[in-house]
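In structure tokens, one chain follows: the form predicted on its own.
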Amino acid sequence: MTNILNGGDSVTQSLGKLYRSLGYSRYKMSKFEEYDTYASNKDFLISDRVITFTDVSGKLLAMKPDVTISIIKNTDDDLGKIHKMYYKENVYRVSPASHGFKEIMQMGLECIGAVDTYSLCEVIILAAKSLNEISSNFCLDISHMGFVSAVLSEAGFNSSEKANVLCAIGEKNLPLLNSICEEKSLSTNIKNAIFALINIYGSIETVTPKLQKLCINEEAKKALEELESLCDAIKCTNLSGKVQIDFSVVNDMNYYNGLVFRGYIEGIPTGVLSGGQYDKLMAKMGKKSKAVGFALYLDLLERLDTGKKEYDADVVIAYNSQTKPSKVFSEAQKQIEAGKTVLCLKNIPEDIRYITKIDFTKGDAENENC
């Protein structure tokens, strides 16, 4: 496993290569966007708090808290084309850990336009492969808002009730869900179908047969067909054992309408990747195209213990006040030309990490390995 934050450019480079291999081009944006871009879609953002300032022109600008909204705004609304973009950008939002604003590196991709079932499968597989680039000990949980919506529609919930049910499903809170269903006086069949959304969890091979029994309307059947196509595509990779169906993965129905998913890596207590199909956000922003994408939150990987010893330098050169600077510079240049990284220090801290030490403090250089 490679630590993405300690010399981890190799991981982000590998991710970029992975995305480019399937036709995704690099999207770059400025640090600032007009505040209005985000103001009407704050519910879509992870944090609704945004850093704002007034430009010299008098416009209210924002330090970008999100990349997806900017991509939607600046991408042509062409129903006959597919726009495939990936990004590596810093966003500015409130960190749950520090409760203050933080600059966070985020990497992800968006597929916008004539999105079809193949496009959805491609994005899900790229999400799984992205997690695998960081650690083989990962899990990708997938759900389908269309299937959830189909079940909830049969129950006759209004928008407020749906929000409460989604919250209960997301928390796997059976007592709360039971209370909501009792107040609605639902039939046993509908009630059991809703409860199944919490209880059904497992591999794609074991779960899809159970979902066939819950197809209570055409909307549910269509959603299941998409899930089955996705499952078939994932089986073509060597990562199918890492993918689970879990309907507790839910997102806001005002923005998401199809597949939603969340990725986890062993050693990190929260999801590091999140994505889904957000056609409703597109419509809310005046676009007719479809869209699907995901974001990988690289700041969370700070918690990841790779178990791999990292070094501050390959070579440490120790010297004292009697050592000629030319001797130190000459040795440093020799090591650098040999492809080594070098630290020249008069006082070497105990916690410094190195492979080889060259000691000039005793006259002629003495080599020792750490």
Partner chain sequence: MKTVNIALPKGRLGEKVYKILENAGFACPDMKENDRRLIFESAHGEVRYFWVKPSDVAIYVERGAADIGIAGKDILLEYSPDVYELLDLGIGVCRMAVAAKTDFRDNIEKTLRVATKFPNIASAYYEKKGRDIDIIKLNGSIELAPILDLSDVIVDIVETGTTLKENDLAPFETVVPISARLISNKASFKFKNNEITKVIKALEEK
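Numbering follows the first chain given and starts at 1. A quick note: this is a predicted structure, and the numbers were derived from the prediction, not measured.
FYI, the form predicted in complex with the partner chain isn't displayed, but the following is about it.
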{"query": "Listed residue (N90, N189, N178, N137) with a non-hydrogen atom within 4.5 angstroms of the partner chain in the predicted complex", "finding": "N137"}
{"query": "Proximity to the partner chain in the predicted complex, single hit among D232, D252, E103, E171 (heavy atom within 4.5 Å)", "finding": "E171"}
{"query": "Answer range among 240-248, 122-130, 221-229, 288-296 for contact with the partner chain, defined in the predicted complex as heavy atoms within 4.5 Å", "finding": "240-248"}
{"query": "Check all three, Y24, D77 and E110, heavy atom within 4.5 Å of the partner chain in the predicted complex", "finding": "no"}
{"query": "Contact label in the predicted complex: I268 to the partner chain, heavy atom within 4.5 Å", "finding": "yes"}
{"query": "Contact of Y201 with the partner chain in the predicted complex (heavy atom, 4.5 Å)", "finding": "yes"}
{"query": "Exercise: D141 in contact with the partner chain in the predicted complex, heavy atom 4.5 Å", "finding": "yes"}
{"query": "4.5 angstroms heavy atom contact with the partner chain in the predicted complex for F157", "finding": "no"}
{"query": "Interface residues of 58-88 toward the partner chain, as seen in the predicted complex [heavy atoms, 4.5 Å]", "finding": "none"}
